[in-house]
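Here we start with a single chain on its own, the form predicted alone, put down as structure tokens.
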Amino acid sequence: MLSARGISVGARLQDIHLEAHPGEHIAVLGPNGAGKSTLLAALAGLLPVHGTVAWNGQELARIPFLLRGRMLAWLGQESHAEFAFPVREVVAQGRHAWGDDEAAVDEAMAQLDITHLATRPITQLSGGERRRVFLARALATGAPAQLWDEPASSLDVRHALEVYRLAQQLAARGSTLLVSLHDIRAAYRFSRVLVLERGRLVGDGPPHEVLTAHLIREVFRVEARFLTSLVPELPE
């Protein structure tokens, strides 16, 4: 279980309490500047915080960094690549905390549909392709907690849907996922949603209960109408 007890990061995050359990895939929503990226980075142990972040009851700050890499995987927003490493080498970086595992790298690349890019320099890829490479690197860690900051940004519809399906599959196998999104509709594919506004947690629960017209109007400053209609799905 990944937990936060009263964590704050300056003015960006204020007094957040939450627990994320194995088998949950959680969407993190909020307008620009709400604190979504800050929350995920804080939970990954990448920012100094007031309060406590813990993994299975052990304070994260007391866990050696290498061991932490076996527990938590973090995907940041940036997809920029400065060095022309081959794609496979970039994905294999996710095994740093464990050692080489060719099978884990192969599986992660197949799940993100990038096997055919294995020898390409990452600097020659499109933004969406790079995004999938960095997500595969996080996946290759095998970490039971995955923290993804806008993983579907720059992705086409098919690959975005594959990312959401992958999150569901990982959760079904017992992983814990927190995934920041801008697309409110995509949040309904998740088992739980957290809504942030100005660094504070203002909603936490199943999407159909939390994402009311009132909350959407107050937090996102838009009017919402709820329609029963078909939404894009991948074929089985």
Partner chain sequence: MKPRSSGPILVFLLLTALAALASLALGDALLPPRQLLAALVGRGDDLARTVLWDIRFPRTLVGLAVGAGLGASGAVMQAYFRNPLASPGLLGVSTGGALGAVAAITLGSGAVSLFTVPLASIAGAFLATGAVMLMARRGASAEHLLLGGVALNALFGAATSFLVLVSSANIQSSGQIIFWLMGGIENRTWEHVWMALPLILLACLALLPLGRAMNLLALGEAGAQSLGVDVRRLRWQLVALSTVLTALATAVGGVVGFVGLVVPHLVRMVFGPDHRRLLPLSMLGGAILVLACDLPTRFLPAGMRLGVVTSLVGGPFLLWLLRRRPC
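Residue numbers count along the first chain shown, from 1. This one's a predicted model, so the numbers in the text were calculated from it and none came from an experiment.
The same protein also exists as the form predicted in complex with its partner chain; that form is not shown, yet it is the one meant from here on.
You can rule out all but one of 66 to 74, 177 to 185, 51 to 59, 193 to 201: in the predicted bound form, only 66 to 74 has residues with a heavy atom within 4.5 Å of its partner chain. Although the partner is absent from this view, P151 stays clear of its partner chain in the predicted bound form, with no non-hydrogen atom inside 4.5 angstroms. Taking non-hydrogen atoms only, A103 never approaches its partner chain to within 4.5 angstroms in the predicted bound form. Its partner chain is not shown here, and in the predicted bound form it never comes within 4.5 Å of any heavy atom of T115.
At least one heavy atom of R137 is located within 4.5 Å of its partner chain in the predicted bound form. A heavy atom within 4.5 Å of its partner chain in the predicted bound form is found for one listed residue only; from I122, A145, L155, L161, this is I122.
For the three residues G45, A92 and A97, a heavy atom within 4.5 Å of its partner chain turns up in the predicted bound form in every case. Of the residues in 180 to 198, none comes within 4.5 Å of its partner chain in the predicted bound form through any heavy atom.
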